[in-house]
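Single chain ahead, written as structure tokens, the form predicted on its own.
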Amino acid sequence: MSLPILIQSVLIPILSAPLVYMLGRKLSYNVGWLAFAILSYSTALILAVSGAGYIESYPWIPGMGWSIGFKLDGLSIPFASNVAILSTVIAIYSMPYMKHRVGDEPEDYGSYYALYLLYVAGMLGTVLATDLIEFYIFYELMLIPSYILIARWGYGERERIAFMYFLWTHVGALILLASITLVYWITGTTSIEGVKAMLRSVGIPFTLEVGVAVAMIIGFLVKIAVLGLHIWLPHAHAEAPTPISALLSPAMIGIGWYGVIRMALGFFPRFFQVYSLPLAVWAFLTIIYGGLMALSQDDMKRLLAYSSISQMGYMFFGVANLSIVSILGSILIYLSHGLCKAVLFMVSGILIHEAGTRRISELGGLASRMPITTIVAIIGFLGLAGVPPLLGFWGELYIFLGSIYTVLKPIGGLDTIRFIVSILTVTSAVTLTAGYGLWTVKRVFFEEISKAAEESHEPPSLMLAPLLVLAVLAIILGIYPTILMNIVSPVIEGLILAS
């Protein structure tokens, strides 16, 4: 058995949550530093495991031969690293934000950070799990603390919106559980690698594969919030506490794609091969819908929420193309979206903190009052639009190169319908994402100074520093993306070639 590195990264936040809750009554605002230290330790453990294929296994129910495990390979590394880094820097951002939100209520700080730690542990456990039941337990652990965080410290009709979020995502999780049950019935195992090996060696009727695959994919797509399953997302992401919005959208919903790639694609490759084109069309419609809805928003957080739907469409399109290059691009989009969207949600929190509003029509001329915030906001929107040298450029480029490869792959000529879908998707990327991003920057930062902006200034350093860290990281990874490609490519290649 390997040294217990990964299990520490997951269990320490869980075991520390009660301590953080109790110390919050004494430390008040400063308990955030303890949460930051705990998450920094978990992040350091994950980043320290540099080699792909690192696995830990622990007995669970020995009598039945079940064990739980934690695995860090080329697929889980980008997802786990994204969650760990974002949650760590957002823990710092949360301190001044929550002080502005709740004031002098010591018990609120302890409750907030205890739930925050459980939420992060759920996300980390999900992407590191090696067993389907273990995966499901952590998948649900993400839901419970995030529901309470929205219901208690959110905005607007927060309790109703939190319940909507809980209901939608829990129903999706139950559909996922049903598919896991069927997979166990078919294979006799819940080990992710064991299921994959059994399904490929034994084989099942295609009609049965379609039924189980659809259930599993729908279970994930509800969490991802693609078109038709997206109803909960604009409400939850807009009304959640801003630090939680900065985790819900950049980190959590993308974990659904981890499940699709690791499990659905790994288990049911024939389904993806047969239904690749309908999935690509669904992805295209998701991109268009999210982008158009973002263009029509006056609320900064709702704009970013709809933008997330559109960005998930890009990832969907990359997976649907079923090529090594395009799936690699979808993972790069996940990382770019994680860094840039977290920056933008935190910018929206700064607007609330400093200008007292998040309505775009009430803002204007903030560049002269908040130059650093303006710069990181521009970086965030350019990253979403895929402008070089940011990481999003490589993600979009790889997705579209992969789509062209898929168009030209069939023997006998051009796949006309897929070619049209690919061209339309490329066009929407250039127009919609850049359009709503640059238009928002113009209205918020460069028009005539509004009344709300007159007294605004740069936020406290604890709010600004996390944005700078993430913006610089997005630039560095964009300039040198090879480190990510070398880690992820072998795993994706194994999935595609094995299918």
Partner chain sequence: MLVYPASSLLHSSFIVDMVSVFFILPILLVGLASSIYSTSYMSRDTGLNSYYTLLSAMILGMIGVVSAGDFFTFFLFWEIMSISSYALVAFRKDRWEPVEAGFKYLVMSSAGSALMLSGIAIIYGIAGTLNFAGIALATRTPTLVSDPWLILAISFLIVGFGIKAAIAPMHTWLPDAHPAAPSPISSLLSGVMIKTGVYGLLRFYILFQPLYAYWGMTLSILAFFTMFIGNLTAMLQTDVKRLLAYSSIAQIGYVTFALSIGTVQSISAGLLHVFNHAMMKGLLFMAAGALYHATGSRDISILEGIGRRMKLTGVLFSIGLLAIAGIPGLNGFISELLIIFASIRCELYLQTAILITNFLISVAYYLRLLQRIMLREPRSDLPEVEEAPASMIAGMVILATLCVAIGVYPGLLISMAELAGRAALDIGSYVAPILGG
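Since the structure is predicted, the reported quantities are computational estimates derived from the model, not experimental observations. Residue numbers count along the first chain shown, from 1.
FYI, the form predicted together with its partner chain isn't displayed, but the following is about it.
S.K.: So, a 4.5 angstroms cut-off on heavy atom distances: do all three of 61, 66 and 185 pass it with respect to its partner chain in the model of the complex?
M.R.: Heavy-atom distance to its partner chain in the model of the complex: all three under 4.5 Å.
S.K.: Go through 375-383, 239-247, 131-139, 258-266 and give me the stretch that gets within 4.5 Å of its partner chain in the model of the complex, heavy atoms only.
M.R.: Of the options given, it is 131-139.
S.K.: Heavy atoms within 4.5 Å of its partner chain in the model of the complex: does residue 151 have any?
M.R.: Result yes; residue 151 sits at the interface with its partner chain in the model of the complex.
S.K.: At 4.5 Å between heavy atoms, is residue 171 in contact with its partner chain in the model of the complex?
M.R.: Taking the distances in the model of the complex, the answer for residue 171 is yes, it comes within 4.5 Å of its partner chain.
S.K.: Residue 163 versus its partner chain, in the model of the complex: is there a non-hydrogen atom within 4.5 Å?
M.R.: Residue 163 belongs to the contact set for its partner chain.
S.K.: Using heavy atoms and a 4.5 Å limit, would one call residue 285 a contact residue for its partner chain in the model of the complex?
M.R.: Result no; residue 285 lies far from its partner chain in the model of the complex.
S.K.: Select from the listed residues 177, 387, 95, 229 the one whose heavy atoms reach within 4.5 Å of its partner chain in the model of the complex.
M.R.: The residue in contact is 177.
S.K.: Using a 4.5 Å cut on heavy atoms, which of 181, 276, 357, 368 is close to its partner chain in the model of the complex?
M.R.: Only one listed residue qualifies here, and that residue is 181.
S.K.: Under the 4.5 Å heavy atom criterion, name the residues of 7-38 that approach its partner chain in the model of the complex, in sequence order.
M.R.: Read in sequence order, the residues that approach its partner chain (within 4.5 Å, in the model of the complex) are 21, 25.
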